[in-house]
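Quick setup: one chain, the form predicted on its own, written in structure tokens, and binding and motion questions come after.
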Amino acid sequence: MIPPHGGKLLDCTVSGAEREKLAQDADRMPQIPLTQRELADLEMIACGAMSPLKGFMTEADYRSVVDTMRLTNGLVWSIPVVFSAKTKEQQGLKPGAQVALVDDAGHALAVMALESRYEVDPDYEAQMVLRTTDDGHPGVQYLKSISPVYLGGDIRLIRHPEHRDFARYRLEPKETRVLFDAKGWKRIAAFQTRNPIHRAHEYLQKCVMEFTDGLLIHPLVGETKGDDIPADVRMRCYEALLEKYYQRDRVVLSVFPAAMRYGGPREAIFHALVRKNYGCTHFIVGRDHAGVGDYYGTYDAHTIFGEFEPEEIDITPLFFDHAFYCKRCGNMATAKTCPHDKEDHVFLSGRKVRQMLLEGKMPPPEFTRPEVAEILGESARKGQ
């Protein structure tokens, strides 16, 4: 099976007597709440999804990643994974301190051994990572909403974040790897999305299923923009599709707990590296991967992979052109396969589906399967 990024799948969870002692000690430590993004990052660091990271980035790794898309050890890593100090007292903490990372209810989830406290320029980070400082970009909005003082250090998880949704779909990397091995899969492709599935998604997935052993459909269920379709609605859409239109023994549906950065090309690299940790050998990169608005070129998320040697990424990206329904062909196609004029093409996008739903219109069959259209329509009527 493909090795994790950096060669080892990490596990930062403690148990037994060590956990009990650390939980007691955490009550006497400075308590720092996690934002929703930090909570998702903590969960992914702890279970090894972000291997080789063992904690939130220190200043050296942060600056290396922002400037070069590499950790200080040379490994490719494209997105800063950081933790912000929330108060002046927290900003004054010194390296060597132990701090408790807590959820909204005040429960200590992890302890961080503080190695680094540093101040950053949010505009510089935004320009380098997101390629914009425009306040309309949700990633820029997030950076400007948090403290520019970051705290870095290794973490030890003492309590898993509580989730009341998608319990049977929350597979950690060690679990997907065992599952793929049990199925005898050697070539596994991952598909990332934050939108409801439509016919273009289905087309890409089924093209890839022709030459791989299995497909991991891995919808992101962490924090997204307020106007994105809710995760539970998107999951119901996948369940409906898998029941009727997929070869079920060749597909695994599991949720991806990450928060969206809307980082376009850099986030595409991040999504690929993390799926390698889950045991995938291939990663589908479609049109405007992880994009938002008009901040990125249609295929910027394809070309960024060319900035690295294939063995540095070590998961095969599968690049797809913009897929559409061709009225004359009578099926899905791309510019690579369809000879007809654009007037015959029905282009599909999550944004267009959302707009139709807001207008009270049902997506037509060229957009998505009727079972999915019904779920989306019901959700829109309920105001979800």
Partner chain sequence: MGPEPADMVTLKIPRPLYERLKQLIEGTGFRSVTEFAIYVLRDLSSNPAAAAGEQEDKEAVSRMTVAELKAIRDRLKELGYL
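All values reported here derive from a predicted model rather than from experimental measurement. Residue numbers count along the first chain shown, from 1.
Missing here is the form predicted together with its partner chain; even so, the following discussion is about that form.
Here the marked residues T72, E175 and V178 all reach its partner chain in the model of the complex, each with a heavy atom within 4.5 angstroms.
Exactly one of the stretches 164-172, 266-274, 297-305, 282-290 approaches its partner chain in the model of the complex with heavy atoms within 4.5 Å, and it is 164-172.
Contact with its partner chain in the model of the complex, defined as a heavy atom within 4.5 Å, holds for exactly one of I155, I197, L253, V81, namely L253. For the options E243, D104, E312, E119, the residue carrying a heavy atom within 4.5 angstroms of its partner chain in the model of the complex is E312. Heavy atoms of K8 reach within 4.5 Å of its partner chain in the model of the complex, making it an interface residue. Using a 4.5 angstroms threshold between heavy atoms, K183 counts as touching its partner chain in the model of the complex.
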